[in-house]
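Next up: just one chain, as C-alpha cells, the form predicted alone.
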C-alpha cells in the first residue's frame, strides 16, 4: 500500500491569498503611522506658514521665515541652550548617581530588595506632583523643609527657584530619572559573568581598573539605552517647569516644549510653534546619535 502525502490531499486555500506574519503586523503599523507620522508631517506643513488662530482665515506661505526667526532671535537661542543644558546636566547626574546605586545594589546586604523598591519610587511619581512637592514642601523659602533645616542650623534660607532656577529644575528631573538609570545599569551588572571579575582580581587589577576595563565595557549597551531614552524624554520635560517656574525668571528655565506651549496656547501662533516642534525633533535625533557614538567609542574595550 502506497502512502499518500497529506499535503497532496489537503485542500488548498482559494484565491492564493495567504496570511503571513508580516500581514498581521500591518494593522499596528497603520495605527502608528496615523498617530505619529501624520501629525509630524502636518507639523512640518504648518511650519512654513504664518498661521495664527486669532486670524485662522489668513495663512500666507512664508517658507523658512519661522525657522529663521527662531534661530536668529537671542531669546530663542537661549531657549535652545536651556534645553541642551537641562538634558546634559540631567544625563551626567543620572548616569553618575544611577551607576553608583547600581554598584551598591549589586552587592548582597540585608534589606536589598526593600531599598531597591524605595529607590524606584521617585520614577513612578507624576512630573506635576514632583514639581509641587519640590516647590511647596521642600524648597519654599518660608515653610519648606530645607528652609526649616537651614534656619535650625543658624543660616539664612535661600529661594532656590529664584536664585538657581535651572539647577533646581535639573535637580528635580535628576531625582525622577536616577531610578531609571539605576535599574537599567543594575540589569547590565547582573548579566556580567562572575568569572570575568575573578579573572581580573587574580591578575591583580585594582577596583578602579576592574571598573574601567571590565564593568564599563560590559555596560556599553545599558549606557546606550539610558542615554537614548533619557535624551528623548528629558528634551520633552514640561510638567516640572510648568508647575514650578513657568519658564522664568524671564526665560531662564524655558525649554523647547514649554516654548512650544507658550507659542501655541498663549499666543496661538501655530506656525512658530510648529517650527519649534520640528527643531525639537531634529535636535533630539542629533543629540541621541552623537551621544551614542561617543559612548560606543569611549566605553568599548579598545577605547581610550
Partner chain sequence: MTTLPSQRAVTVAPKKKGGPSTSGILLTALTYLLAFLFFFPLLWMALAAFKTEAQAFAVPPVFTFTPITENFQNALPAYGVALRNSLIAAIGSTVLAFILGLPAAFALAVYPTKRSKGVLTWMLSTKFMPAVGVIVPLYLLFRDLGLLDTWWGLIIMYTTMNLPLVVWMMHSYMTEIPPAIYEAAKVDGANVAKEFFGIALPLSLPGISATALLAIIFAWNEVFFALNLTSTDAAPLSVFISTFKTSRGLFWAQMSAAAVLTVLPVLIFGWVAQRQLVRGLSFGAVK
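Being a predicted model, the structure only gives us computed values, none of them experimental. Numbering follows the first chain given and starts at 1.
Unshown form predicted together with its partner chain; subsequent notes refer to it.
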property	result
is_contact(residue 25, its partner chain) in the model of the complex, heavy atom dist at most 4.5 Å	yes
4.5 angstroms heavy atom contact with its partner chain in the model of the complex for residue 111	yes
Exercise: residue 124 in contact with its partner chain in the model of the complex, heavy atom 4.5 Å	yes
Its partner chain contact in the model of the complex: residue 162, any heavy atom under 4.5 Å	no
Candidate from 199, 137, 158, 166 lying within 4.5 Å of its partner chain in the model of the complex - any heavy atom	137
Listed residue that, although its partner chain is not shown, lies within 4.5 Å of it in the model of the complex (heavy atoms), from 96, 88, 120, 77	120
Full three-residue contact with its partner chain in the model of the complex, heavy atom 4.5 Å, for 70, 170 and 208	no
Residues within 4.5 Å of its partner chain in the model of the complex, restricted to 32 to 63 and counted by heavy atom	32, 33, 35, 36, 37, 39, 40, 42, 43, 46, 51, 53
